[in-house]
Every structure is written in C-alpha cells, then in structure tokens.
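Quick heads-up: it's one chain on its own, the form predicted on its own, in structure tokens.
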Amino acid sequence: MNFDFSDDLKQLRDQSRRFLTERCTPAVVRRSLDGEEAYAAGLWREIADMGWIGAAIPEEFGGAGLGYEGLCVLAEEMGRAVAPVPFASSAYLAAEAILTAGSDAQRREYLPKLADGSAIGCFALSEGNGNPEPGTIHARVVGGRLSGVKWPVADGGIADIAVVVACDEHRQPGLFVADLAGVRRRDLRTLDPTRNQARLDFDGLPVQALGSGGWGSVQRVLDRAAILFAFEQVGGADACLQMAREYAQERFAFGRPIGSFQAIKHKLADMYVALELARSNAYYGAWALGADATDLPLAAATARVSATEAFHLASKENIQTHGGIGFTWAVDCHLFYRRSKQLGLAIGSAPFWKDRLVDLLETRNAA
C-alpha cells in the first residue's frame, strides 16, 4: 500500500513552504515572542484568504474541500515555520469538533466563519495541570449555561468561538460550543509566547451541546487532532535537522567542519532516525484519518508518541550542535525548542499517549 501524497498535494506542500519561507520569517515569529503582538494577524489573514484553515472542511460548509491529507500537508509546513498563528486551535480542534460532533445547523453556523478566518476558534479542555481524563472535568452546563474555569486554553485570549469540554446536568462530560463575547479572560505566561495561552472564566455563558455527549466524543476529537499535531511536530523536527546539518557544515573547528567529527555525526543520525520513524507513523495516521479507518485511534497514538519524541530530540540536539551560541536568544534554535515543549503538552503529554497506545494494543491483541 502506498501512503505517499499525490502530486497535487506535493505541489501544495511546495507552494505553502515557499509562502511561509517568505512571509513567516524569524522576525515575524519574534514579534510574538517579544510580546509585540499576540499572533501574526497579517499572516493569519493571508492564510485565511488562501483557504488553508478550511482545508478539511467540505465546500458546502465554506471550506476548501481538500480533505485531511491536504490539512496534514499544511500542518507540517506550519510546524516547519513555527508560525505564530491560531491554525491548530481553529483547524485541528474547534472546526474538527464541530464537523464531527455538531448538527447540520451548527456546522452551517460556525464552520464558514472558521474557514474564512473571520472567527478564530479554540478548544477549552484543561482545568489546570494534568492530562485529559473524564475525572478532571469540573466545568458544568446546567440549563444550557456554562460555569467553570478553563486553563490553559491555547489561543483562548484571541478566540471568538470556543468548543468547551464540560459536564452536563447528569455529570457526563461532553462537547459544547459557544461564542466568547463577554467572557472574562486572562493571558498566561508560558515557555512559548509565540502561542497565546489564556484562562477563561465562565459564569452562566449560553452554550449549545455538540452531539449526544460522552467522553467518547471528546476522545475522537483528540485522536484526530493527534495526527495533525504529529505532522506539525514532524515539520518542526525536520527544520531542526536541516538547521543543525547546515551549521555543522559551515562551522569549522581545528581546521575541519564540525560535521566531520563523530560526536556531531551521531547527533545528526539520531535526529534523522527519529524523524523518519515519526514521519512514517504520521503518514499512516494521515491515511487512517482520511479513510476514517477503524484503527484510527491506534494510528493516532502511535503518531503522537513518535512525533513528540522526535521533535523534542531534534530541538534539543539542534541547540547542542550549535554549541556555545545554540542556547542564546539571538539564535533561532530556541524557537523550535519552545514550540516542541508546547506541542508536546497540547492535548496530553507523551506518557498519557503512551498509556493509551499500550491500552489499545492490549485490547486489539486480546480480541
């Protein structure tokens, strides 16, 4: 079976890479890092105009109808550019939750706004530190009104629409959607300031239920998002490998390029092996996502674990390969290290997804 992308998708990848290389320079990323802007609003408008946000949204709901493979291609390039935009929150999480769990009326109400960028979406899951588990959800919806606190919420400080995980009147967790006008928000300081994180305080906010509820609907969104995050992590890891390789060829020590020394060769080889393993698992995940395969949860957990580990290793070894300048603010290595940490916790830590992977394998083997 061939899991490679089609020629059209490869062309999309090349075009998006050229665009982000020109428009999403390190200077653009650093404006968010330095607190000059919460996100790159100009870049976001251009991305929306090209239809990228709605890549996987069907045309009947205002999307581009490129399918999930197209969204995976774009996610990888977003990761390569460490783009300071709410692409993941809107496209992987909010839009995906509404598309998979929402009614036809809810899809027609919210998806066109998300697809054209006129509204930014976020996914409010966490209530403090910890992994996504049903027992950690304390926000409540009673009589169609939401009360509780969610933090950290990626892009919560700039979002217009939120998909919130909360318990209903029967204390069953599920998905709810709402407009965020009037909600109290407070921006949070994190390791990666290029991605907005906020605390949202809900006090009787009117919400609509997405689907029939249950933790299964939440886990389906997380599984699907895990594959898209894996592609973003693969893109970041690939960029780190290229940065390290180029520096190893240019930097001389004792009259030789440092890439000729065995210690540096081993670092680059380890990065390459981890990256290619993550890439192959992500490609399988893309197929499972596009085909809505029965083993999508297993593919998602596998892709998530390998991509998280690959990006962390690549971002760390990139800093080490750059030696005495690698850890400094002026060099771009830390932009990728920060993003690797942020993405590694976005929908649950690596140990959480490893446990899920083991549970899924045990269930399959016992069948």
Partner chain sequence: MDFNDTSEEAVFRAEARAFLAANAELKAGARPVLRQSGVDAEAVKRCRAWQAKKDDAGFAGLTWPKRFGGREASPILQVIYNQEEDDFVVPRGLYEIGLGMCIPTMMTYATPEQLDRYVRPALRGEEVWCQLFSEPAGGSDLAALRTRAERDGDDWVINGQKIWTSGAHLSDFGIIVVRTDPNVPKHEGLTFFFLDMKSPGIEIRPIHQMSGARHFNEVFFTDVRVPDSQRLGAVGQGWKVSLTTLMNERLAVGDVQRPEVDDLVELSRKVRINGKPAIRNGAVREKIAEWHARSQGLKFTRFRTMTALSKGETPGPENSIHKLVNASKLQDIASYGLDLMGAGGLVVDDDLAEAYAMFQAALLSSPSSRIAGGSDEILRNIIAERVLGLPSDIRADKGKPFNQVPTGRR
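Residue numbers count along the first chain shown, from 1. Here the structure is a predicted model, which means the values were calculated and not measured.
Omitted from view is the form predicted together with its partner chain, to which the following refers.
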| property | result |
| --- | --- |
| Stretch from 211-219, 174-182, 151-159, 102-110 whose residues place a heavy atom within 4.5 Å of its partner chain in the predicted complex | 151-159 |
| Heavy atom within 4.5 Å of its partner chain in the predicted complex - the one residue of D168, D270, D116, D201 that qualifies | D270 |
| Non-hydrogen atom within 4.5 angstroms of its partner chain in the predicted complex for each of Q11, S32 and Y39 | no |
| Its partner chain contact at T194 in the predicted complex, heavy atom, 4.5 Å | no |
| Its partner chain contact at N131 in the predicted complex, heavy atom, 4.5 Å | yes |
| In the predicted complex, G259 touching its partner chain (heavy atom, 4.5 Å) | yes |
| Distance check, E250 to its partner chain in the predicted complex, heavy atom within 4.5 Å | yes |
| Within 4.5 Å of its partner chain in the predicted complex: residues from 265-292 (heavy atom criterion) | K265, H266, K267, L268, A269, D270, Y272, V273, E276, L277, R279, S280, N281, Y283, Y284, A286, W287 |
